[in-house]
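The chain below stands alone, shown as structure tokens; this is the form predicted alone.
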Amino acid sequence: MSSVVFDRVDVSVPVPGQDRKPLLTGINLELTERRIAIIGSNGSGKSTLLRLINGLVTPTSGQVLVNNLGTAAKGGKVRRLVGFVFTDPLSQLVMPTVLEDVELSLRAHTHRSQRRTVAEQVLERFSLLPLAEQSIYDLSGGERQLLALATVLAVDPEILVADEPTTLLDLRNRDKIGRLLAGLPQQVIVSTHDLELAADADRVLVVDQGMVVFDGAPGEAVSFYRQLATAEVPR
């Protein structure tokens, strides 16, 4: 079972001419559930919390442990365990064609002589093989997000972290990505504004002003967040 531990984590950034600006404060969590969602308003700290998990952000104080590996000291090993999917797939799809993007993700994991065959198998798994030679710029938003997931999952990470993976999608593609995430064997940790997606998780965190203000069952968390968003819960 995968485990992500936040031990007294604070994150702040320098601001010219001012004190450091806090992004996250006092995060103490142990995440072991298979499906975890993080909800909160824009700028609440959700993305920063996710980026701590694979070392894209390191704590100003405290530590983050992924399967007992510290993200600050063992960042390379942690990133081999944790796959990260960004909100906008074009921020991580960099090769000219669909097939080449998957091949690139396999470069450190598969011998060159086998790379194309394995990449085609990955595309077939995600129903993308007919698009193998297409430019990533000719894909629909749903196809791009599916490809971004395919490139990350091609190397079989133990944990998948996804930052608002359905935000840019229409309803049909949102449902498709939601079903895909629900069926994965990996531990999946997502930030989302999609409260239906959050409701399907095993555990939901609500983040507000850089703090985890609720941690619990999906129904209760979504209800708390709705009240928070309408200023009915004292801050």
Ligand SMILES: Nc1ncnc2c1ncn2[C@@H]1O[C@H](COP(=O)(O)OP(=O)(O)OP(=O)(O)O)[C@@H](O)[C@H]1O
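Note that residue numbering begins at 1 and tracks the sequence as displayed. Small disclaimer: the values here were computed from a predicted structure and weren't measured.
The same protein also has a form predicted in complex with the named molecule, omitted here; what follows describes it.
Considering the named molecule in the predicted complex, the lone stretch of 182 to 190, 45 to 53, 63 to 71, 169 to 177 in range is 45 to 53 [heavy atom distance within 4.5 Å].
This chain is drawn without the named molecule; in the predicted complex, the residue among V9, V213, V222, L23 with a heavy atom within 4.5 Å of it is L23. Among the residues E120, E100, E164, E158, the one placing a heavy atom within 4.5 Å of the named molecule in the predicted complex is E164. Taking the partner from elsewhere, V13 is found to have a heavy atom lying within 4.5 Å of the named molecule in the predicted complex. Residue contact with the named molecule in the predicted complex: N28 places no heavy atom within 4.5 Å of it. At least one heavy atom of S41 is located within 4.5 Å of the named molecule in the predicted complex.
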